[in-house]
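Below you will find one chain, with nothing else, as structure tokens; this is the form predicted on its own, and questions on how it binds or moves follow later.
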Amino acid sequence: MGNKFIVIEGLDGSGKSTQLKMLSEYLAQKGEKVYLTAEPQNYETGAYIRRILSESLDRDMYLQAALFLADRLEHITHPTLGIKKHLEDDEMVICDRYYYSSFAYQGTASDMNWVMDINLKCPEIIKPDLCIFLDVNPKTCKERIDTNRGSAELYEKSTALMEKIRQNFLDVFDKLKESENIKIISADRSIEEIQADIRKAVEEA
């Protein structure tokens, strides 16, 4: 399969981490060179974003969107660790979240079209070969978060907010359906069933 760029998206609590790990192990067993990564990154901008999220800091949504874009650009262009470098080295890059999350999350309280424009019209932005969205009932996601974590982050505060974010994702995918390869996979099923559909989508990308 070679140097494909695969993105996995979903609400917090949708099971992304489990599915990403299973997919990367499966591909490695098939002999693929896999680079597993995530956004936000651990550079200075990413560290600030993580603090905003974990501490629920009151920061303007346009500022948040710009910070995510800055972090994303370093994620892509870093000379030794960037997505572009790994693709050039013929590795398969699998990323936990990408610009779709910016559209859905920061789009809750800003101009979503503006957030899309600053990302999609940026010359350094790389379009994924495939985006997989793990679609789970927001109520289920909220219950998982409340059960498994000590405290909720900024965008995990209420089921109503998570429902809005899910709808934003679906609206974004509808806008991009003619220009991007997006697969929506029902994740209200067993881990094995979800993984089987993910593997099929990746192999067909």
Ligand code: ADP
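Position 1 is the first residue in the sequence shown; the rest follow in order. Keep in mind it's a predicted model, so treat the numbers as computed, not measured.
Keep in mind that the form predicted together with the ligand is not shown, yet the notes after this line are about it.
- This chain is drawn without the ligand; in the predicted complex, the residue among Arg149, Lys177, Lys30, Arg51 with a heavy atom within 4.5 Å of it is Arg149.
- Although the partner is absent here, Lys157 sits far enough away that none of its heavy atoms falls within 4.5 Å of the ligand in the predicted complex.
- Put simply, Ile194 is close to the ligand in the predicted complex: some heavy atom of it is within 4.5 Å.
- Though the partner is left out of this view, Arg59 does not reach within 4.5 Å of the ligand in the predicted complex, counting heavy atoms only.
- Taking the partner from the other structure, the ligand in the predicted complex has a heavy atom within 4.5 Å of a heavy atom of Thr18.
- Along 169 to 190, residues Ala187, Arg189, Ser190 each place a heavy atom within 4.5 Å of the ligand in the predicted complex.
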